[in-house]
Structures are given as structure tokens and as C-alpha cells.
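One chain is shown next in C-alpha cells, namely the form predicted on its own.
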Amino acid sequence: MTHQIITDLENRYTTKCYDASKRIPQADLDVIYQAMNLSASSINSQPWKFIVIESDEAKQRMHDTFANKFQFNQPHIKSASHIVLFAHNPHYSREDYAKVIDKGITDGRMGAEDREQAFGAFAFVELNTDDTGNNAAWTKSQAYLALGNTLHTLARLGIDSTTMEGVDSELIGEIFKEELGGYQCNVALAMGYHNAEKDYNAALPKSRLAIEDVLQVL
């Protein structure tokens, strides 16, 4: 099958070693950031924060979060161009959703007279909230929607990436406490350009289960 989308996704892979001398151009970063912001989420909840690790100081802080575990991902922090922390709100509230509704009114999606009616969708949040007010499983799922969208955007731009669930959420929560503001980070994304000599994964053939084994058309 020949299609640009398929070509992009066939070329996408998990980078194992980055070229520390290469940085993502600002024009591409602007596209990436806008794409993240345009990601889909249930009831347009947007229960996320995207914290971009760019400066040497921020990279050192992120590097320090690997003190106890997942050291196999630590080299990416300083060699990749940028790291993004995909953080989610573990206690998404009616007040949080009110911000989404009010922005929708400002953007013309609805009239101010429809504001209270719009809160009907919040029932879906309540279905996913426990007795302590925790809905982290649900909001984390929304963050992964944004992650998937970002991976596809990077593939389209020809930028390499590494998804890292191997991160220490507890240490990230401590070291980036101010930036997170109560949000939690369970996954990060390294972005940049691979080291052509040392990235063994770049030359390996793509491997997926046969489409007939995973796709069923009724």
C-alpha cells in the first residue's frame, strides 16, 4: 500500500540512541506544540499538562529523576533534543471542566445561555471518579491520546522519538513539583534525531502482527 501516512508510520520506530549535536528547529517545535494542544480527549476535558524539558538545567533535573530506577532511559535525557512530560490531573473536577466550557463559550462553540446544560457531559467524569475524588485512570487515558497524536505528528515531521513509561513518577513529582502543580506524570517522550552509528533499532525491519489477526470488519 502506498500512502504518505503509511510511509510515515512505517518509518517511525523507537529510537535507542540520539545525536546530542542535533536540535529540533523552532518551526517544527511550534507545529508539535500546536498538535499536542489539538489532541482529542473525552468530552474535550483536556485534563493534561505538557511540560517540555529543553534547557540544560531542566535536563539535569530530569536526569536526576533516574537516580533509583529505569537508568536504561537516562541517556536519552541529555542526548535527545527535547523531552516532554505528559502529565494528567488525578482529581479532575467540575471546576476544571468549567474552564473548558467557558473557553468554548469564548470561542463560539456555544452561547452563554447554554453553559449549565453543557455540564451534562460531566456525568462521564463522575462515572470514572471514585469515592475519594480520584479519576487518575481516566485522565491518564486522555494523556495517552495526546501522546499518540504527538507520535504521529513527529513521524510526519521526520523527527525521531522514544516513548518512556520507564520513568520514576514519584521522583518526577518531587523534582518537578512546582511545574506539575498536583498533576502526575507516568510517561515521557524523548524527541530528536537518532545517532546513525549507534542506534541499532533504526536498521531493523518493521514488525507487526498480520492485519487480519488484529482487524475485523463486520
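Every value quoted in this text rests on a predicted model; they were computed, and no experiment measured them. Note that residue numbering follows the sequence shown and begins at 1.
From this point on, the text means the form predicted in complex with a small molecule, which you will not see here.
- Contact with the small molecule, judged by heavy atoms within 4.5 Å in the model of the complex, is confined among 82-90, 68-76, 103-111, 128-136 to 68-76.
- Taking the partner from elsewhere, no residue among 52, 61 and 183 has a non-hydrogen atom within 4.5 angstroms of the small molecule in the model of the complex.
- A heavy atom within 4.5 Å of the small molecule in the model of the complex is found for one listed residue only; from 154, 171, 36, 164, this is 164.
- Shown alone here, residue 119 lies farther than 4.5 Å from the small molecule in the model of the complex, counting heavy atoms only.
- Mapping the unseen interface onto this chain, residue 144 counts among the residues with a heavy atom inside 4.5 Å of the small molecule in the model of the complex.
- At least one heavy atom of residue 16 is located within 4.5 Å of the small molecule in the model of the complex.
- Contact check for residue 194: no non-hydrogen atom falls within 4.5 Å of the small molecule in the model of the complex.
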